[in-house]
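Only one chain is given next, in structure tokens, and it is the form predicted on its own.
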Amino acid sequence: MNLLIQNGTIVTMHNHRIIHQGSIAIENQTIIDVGKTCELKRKYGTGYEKVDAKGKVVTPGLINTHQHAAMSLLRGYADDLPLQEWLEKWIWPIEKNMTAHDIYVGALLTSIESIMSGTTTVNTMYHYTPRENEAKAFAQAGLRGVVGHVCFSWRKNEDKKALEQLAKNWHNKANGLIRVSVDPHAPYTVDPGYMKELKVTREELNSKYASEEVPIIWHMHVAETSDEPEKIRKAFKTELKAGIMEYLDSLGVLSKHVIAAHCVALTDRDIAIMKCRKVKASHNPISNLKLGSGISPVPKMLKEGVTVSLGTDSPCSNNTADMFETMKLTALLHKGADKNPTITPARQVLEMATIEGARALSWEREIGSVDVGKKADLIIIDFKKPHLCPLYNEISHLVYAAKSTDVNVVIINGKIVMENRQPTTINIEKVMEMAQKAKTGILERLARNVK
């Protein structure tokens, strides 16, 4: 499909360029031209489906760099609890009763929610099963994603088989929409030896199924809470004399293809190591606050040149997939915590949700900005709203005032996947019915197993 988006304000996220009365020409999956509408109309007048963006703002699709998509089925199940109790007493027990079909349905539900709120790429970590899984759901919805299998010390053989199947079946598949990752759960659930083994596994999978341009990355929870060193000591009888990043660096597993979720309890030395090894961070402020985990030292990381992106975490600990909400909280949280209104300005936060998110996923060559040659992952936001009037600065409104429900059109890989707030790839009502049925089945199985 060839598209010409015209008459809109284009926030390119490239060199701070904003084009008023602008147009974007798209052929198949790719952006082929960006400029003034008066110029592009003459060049692409015929053979293109027109999308009128008058009164609207066009931006790159938002990139959510930390999710557990299937956990939308557990939204609201366990709230107002600290992380360890939340995981061990509530989440892990109920997850044992989730089937492969449940995982697929939960990921479908998150896919729809993500698309409808302007997110075009999601990095998810969960349990992979061959027939029904998060990758299948993303591909069906037309959502771009990095899909990982979460690894634990107690199931090493199972993990390695799942990783092999995931990489073979899905890496760079679905017309390039899906990539995969190797996902050690956390330093306190993956022992030092297994952590090293998983590094070798990632390297082997890359040599078989990937390339430098399209890599299989590494996605892991890191330093989510201040007691993580103690958890590691108890679990593996390993004495930590420094921070978590320093511990991981001693295992030789850090690199530019590592994305570390949360990064709350970091030392200054940890941040220096992240900079040196080019480790990327996924900041999840809503989940971290809700679980009482703390506040990530984002301003320090940014000052040191560490790539910081944004994630929502799962719909079970957030409890939404709303990246507009995450952007606003990120901008406000650090101003208040540091008592400095100049830090995490709107432009920087929008970069964290777009081009920095792409960089965090090693996908910046193809997504994250409106540039010729990049994939057409775009959202069109309706600015004809009372809460977006009057308009002085588009970027200010995008971070501080816009709502996810203002997103009117979503294009992923050159395909319109939502038009006039209506998804075009998935039946919303049907998926919600499936989710309700899945929830009932999970609770019934949980009740039987508890007895």
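Just count from 1 along the sequence shown to find any residue number. Just so we're clear, the structure is a prediction, and the values are computed from it rather than from any experiment.
What comes next is about the form predicted in complex with another copy of the chain, which does not appear here.
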Can you tell me if N319 lies within 4.5 angstroms of another copy of the chain in the predicted bound form, counting non-hydrogen atoms only? yes
Non-hydrogen atom contact N28 with another copy of the chain in the predicted bound form at 4.5 angstroms: no
Quick check on K439: any heavy atom within 4.5 Å of another copy of the chain in the predicted bound form? yes
Applying a 4.5 Å heavy atom distance criterion, does L163 contact another copy of the chain in the predicted bound form? no
Three residues, S207, S282 and V298; all within 4.5 Å of another copy of the chain in the predicted bound form via heavy atoms? no
Looking at 319 to 327, 365 to 373, 267 to 275, 184 to 192, which lies within 4.5 angstroms of another copy of the chain in the predicted bound form, counting heavy atoms? 319 to 327
The single option of E212, E239, E203, D80 touching another copy of the chain in the predicted bound form, heavy atom within 4.5 Å: D80
Can you pick out, from E351, E113, E228, D102, the residue that has a heavy atom within 4.5 Å of another copy of the chain in the predicted bound form? E113
For a quick check, can you give me the residues of 291 to 306 that have a heavy atom within 4.5 Å of another copy of the chain in the predicted bound form? L291, G292, S293, G294
